[in-house]
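Single chain ahead, written as structure tokens, the form predicted on its own.
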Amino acid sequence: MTPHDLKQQAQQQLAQQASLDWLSLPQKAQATFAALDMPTRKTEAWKYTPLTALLNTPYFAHTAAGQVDESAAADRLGQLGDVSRLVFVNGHLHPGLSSYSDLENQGIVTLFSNANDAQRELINAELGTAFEPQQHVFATLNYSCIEDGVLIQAPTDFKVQQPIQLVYLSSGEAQPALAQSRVLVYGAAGSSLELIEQYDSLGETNVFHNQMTEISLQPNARLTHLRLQVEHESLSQVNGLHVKLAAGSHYEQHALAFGSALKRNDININFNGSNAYCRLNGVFLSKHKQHIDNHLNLEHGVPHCNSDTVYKGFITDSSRAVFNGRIHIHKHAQKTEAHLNNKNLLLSKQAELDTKPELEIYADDVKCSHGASIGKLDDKSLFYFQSRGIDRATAEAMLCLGFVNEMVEQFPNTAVIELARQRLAEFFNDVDQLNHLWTLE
């Protein structure tokens, strides 16, 4: 299958589905998608991430279903304490596994299909406004058909006490299939919210998950965002996260991501008001023949905004990872302070990492820095452990744990840290270089 064939198959699938009749975006997105080409290796933003997994598997021939073994699914949700939870199976909301009635009654969490007139107006006004459609073909594809979605709306000067957990489970289908889901988060002025996203799997899966999350923070709103992408390595996924920051708003993200057959994370941060702040703290891991691509773009469009970005990568076996972090300082964005750093641990000669930190500055009164490093385990540290009776494989495991755990321990939720450690134990259980000796005790 060629990229052109892939696009045609996607359009045929969309033609068989109906969007919510009050939404204005799908018709516009369909027209935009029709004019776009699917990315190839000649597309600069996709240079290191071929769509081989999509071209070789007919995902777009069928739409994924939402059936699942509830007991097996419940075991993957984690014990996060007092949270409001929405669980999606292959893109479909699963009411039996979800528990968010309190926030639904308060109008904080609403399905698009249940939105009242005011909520419909907000959705139409905000959806699709945080990114350039021509630059994000899969986001445009997602919005070309909107059967449903989730609106999370924090009222003015209101702190949502319970964290909101969004769980996206992928499961095996009778045949390859497409799953799409979308979330719109709107933090009104002075509001505060904690959002936990968990992407997980029930064993092997033959689903392509195309996910979109848009976040709009109004003046002085705060959002703490935790993301765990810990699916089975057979999954293919493109995940778009697009954030708009108004004056004085605060966005903080902590992320853990595993590689899979294809995983692409597009993170786009737009600074639209002065004195806004963004922190991105992430770690990504790739093994076997997995592929993961993190594309970060921070658009500093106004003065007096700060951003701090630190990402770590762990790459081993014959896998491949990509990190592209771009900071764009616009002409009028004086007094900006923005820093980006990518540190990577490469454990195998067969693995590949492509890292590309970028600074594009058009203002002259800024403080900015960017950097990237790729290294292996330190021989002196390994010798130190071995000289004290610890075998080499265990020493390697301990050093790798320290490298990854430095980021995970910064997550501002102890229950999420524990869940992340459980998934890390599963990840490292069959990393060849560590000889099954990985432990989190």
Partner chain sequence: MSDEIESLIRREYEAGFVTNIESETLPPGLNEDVIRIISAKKNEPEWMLQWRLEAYRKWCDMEAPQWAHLQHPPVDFNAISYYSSPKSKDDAPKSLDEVDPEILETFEKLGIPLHERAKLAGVAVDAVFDSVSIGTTYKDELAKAGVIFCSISEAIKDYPDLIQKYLGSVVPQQDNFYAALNSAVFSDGSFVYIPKNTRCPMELSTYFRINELNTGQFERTLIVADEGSYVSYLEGCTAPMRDENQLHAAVVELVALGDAEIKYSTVQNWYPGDENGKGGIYNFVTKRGVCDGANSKISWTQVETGSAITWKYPSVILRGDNSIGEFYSVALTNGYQQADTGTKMIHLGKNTKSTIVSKGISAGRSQNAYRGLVRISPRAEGARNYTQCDSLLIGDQCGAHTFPYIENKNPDAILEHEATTSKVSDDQLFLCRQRGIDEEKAVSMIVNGFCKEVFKELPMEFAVEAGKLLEVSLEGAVG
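Residue numbers count along the first chain shown, from 1. The structure presented is a predicted model; accordingly, all values stated were derived computationally and were not measured.
A second form of this protein, the form predicted together with its partner chain, is not displayed here; the remarks below concern that form.
>> When the contact criterion is heavy atoms within 4.5 Å, does Leu111 count as touching its partner chain in the model of the complex?
In response: Leu111: no contact with its partner chain in the model of the complex.
>> I'd like to know if Cys145 sits close to its partner chain in the model of the complex, meaning any non-hydrogen atom pair within 4.5 angstroms.
In response: Outside the cut-off, so no.
> Is there any non-hydrogen atom of Glu126 lying within 4.5 Å of its partner chain in the model of the complex?
Replying inline: Output for Glu126 is no: heavy atoms all beyond 4.5 Å of its partner chain.
>> Is Glu352 near its partner chain? Define near as a heavy atom within 4.5 Å, in the model of the complex.
In response: Because a heavy atom of Glu352 falls inside 4.5 Å of its partner chain in the model of the complex, the answer is yes.
> Pick from Cys368, Val83, Leu122, Leu202: which residue has any heavy atom within 4.5 angstroms of its partner chain in the model of the complex?
Replying inline: Contact with its partner chain in the model of the complex is made by Cys368 alone.
> Ala372, Met38, Ala65, Ala53: which sits within 4.5 Å of its partner chain in the model of the complex by any heavy atom?
Replying inline: By the 4.5 Å criterion, the partner-contacting residue is Ala372.
> Looking at 294 to 302, 186 to 194, 340 to 348, 83 to 91, which one sits within 4.5 Å of its partner chain in the model of the complex if you count heavy atoms only?
Replying inline: Residues of 340 to 348 come within 4.5 Å of the partner.
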